[in-house]
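Read the single chain below, which is given as structure tokens and is the form predicted on its own.
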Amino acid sequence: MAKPKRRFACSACGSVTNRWQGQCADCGEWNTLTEEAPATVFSAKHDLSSGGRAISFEPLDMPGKALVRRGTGIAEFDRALGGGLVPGSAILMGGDPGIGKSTLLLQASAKVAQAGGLAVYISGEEATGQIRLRAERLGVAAAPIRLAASTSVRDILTTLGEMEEQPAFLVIDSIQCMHSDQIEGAPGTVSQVRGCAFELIRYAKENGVALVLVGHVTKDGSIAGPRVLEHMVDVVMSFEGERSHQYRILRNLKNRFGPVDEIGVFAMEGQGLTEVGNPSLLFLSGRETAIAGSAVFPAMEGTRPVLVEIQALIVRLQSGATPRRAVVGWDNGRLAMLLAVLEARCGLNFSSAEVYLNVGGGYRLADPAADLAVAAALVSALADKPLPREAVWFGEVSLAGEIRPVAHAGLRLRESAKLGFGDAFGPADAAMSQKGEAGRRTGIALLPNLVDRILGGA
């Protein structure tokens, strides 16, 4: 029998190497390589063509019992899930430490329990007394939640199997703290996370339990552990927000039962997380006067339009100084590309000026339709001319300076008009040619047309 080779796996990204080293070559993290248990190597070839149990096939249109979603009692949470909890689904929720993951799930567990469902909350990070203190602060201490503190997957599954009624909502906080005695290694290693998640997901699928696994994140914000963990679950959610800001965003990154990129918006208050029904008002607060360098952009998050403010500041430098580019809430590379297009196609000069760009409220944009709004804010800041206060800007800018159409233009326009933004500037397409409920819709074909309109008074 051949001698088994030593394998070292990175606990941050899951990459495997044959020797230990201080820094992972794939993700760059330090001291994350741990040795995995060697796999048994057989000299004979494996033959799995016999000895198994025959499986049965079913037609695609076979009638079956319809899965009915269960609401959590928190509308923004249900929106991010695509309409509520699906029985037998596995949900992975990640987020920075202290962002409010445990608070949100404790509130959701209380809502489910108060509605008559069996909610089980198992914590591997906190004692039950600590969770009771949080429940008292949130005002849900009287909710009939089954609470436990354990890190052993065997103990958890044994206890759940002996219960007369299976839970409707099961929270495991967190998966990195769980441990299986069938797998060698400390909790949090790649093999332990993968094995514990597999056993818990298998239990949820077999018993129709809606399972939520809380996951840790790395320094760059991605979910820690092997990438296969995100493939195993049905829904991947990210709880985002800055601790210095009041709002929190629950973002849907993967959903097998509904649309992707749906968001739920919450505000962190003394009594816990409260829902924000109209997030546009939250991100646009404080815009009483028109200021140069400020543009409103109707962003799309799944099926929900959200209006956010884009702020730009241009600072002229003395000769010889190196200009700085600072971006908060947008892609730094896309800003560099947009500045190059403004210089090459519109004749503007940003080479001797510092450029600062910020998305109001700490919001993070990934929508390519924000190009036109960013360009409008930059030109307005450069010329020191305020943009129309009740106007929105959206459209994708190409390297040739063309303003290209974007998706869901009708939804963006309707949401803008609903909030009092009657004027809209966007691509010259069919959506912009239609008459709005109020104000005007102006189609812009080329980026130089935008510059001429702002400099001449939009």
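Numbers follow the displayed sequence, beginning with 1. This one's a predicted model, so the numbers in the text were calculated from it and none came from an experiment.
Only in words, not in the display: the form predicted together with a small molecule, which the text now covers.
Of the residues given (271, 352, 182, 289), 271 alone sits with a heavy atom within 4.5 Å of the small molecule in the predicted complex.
A single residue from the set 347, 259, 97, 129 has any heavy atom within 4.5 angstroms of the small molecule in the predicted complex; that residue is 97. For the chain shown alone, residue 149 is not a contact residue for the small molecule in the predicted complex, no non-hydrogen atom being within 4.5 angstroms.
Using a 4.5 Å cutoff between non-hydrogen atoms, residue 138 counts as a contact of the small molecule in the predicted complex. The small molecule is not drawn, but in the predicted complex it has a heavy atom within 4.5 Å of residue 101. In the predicted complex, at least one heavy atom of residue 134 sits within 4.5 Å of the small molecule. For the small molecule in the predicted complex, the listed stretch (187-195, 271-279, 153-161, 251-259) containing residues with heavy atoms inside 4.5 Å is 271-279.
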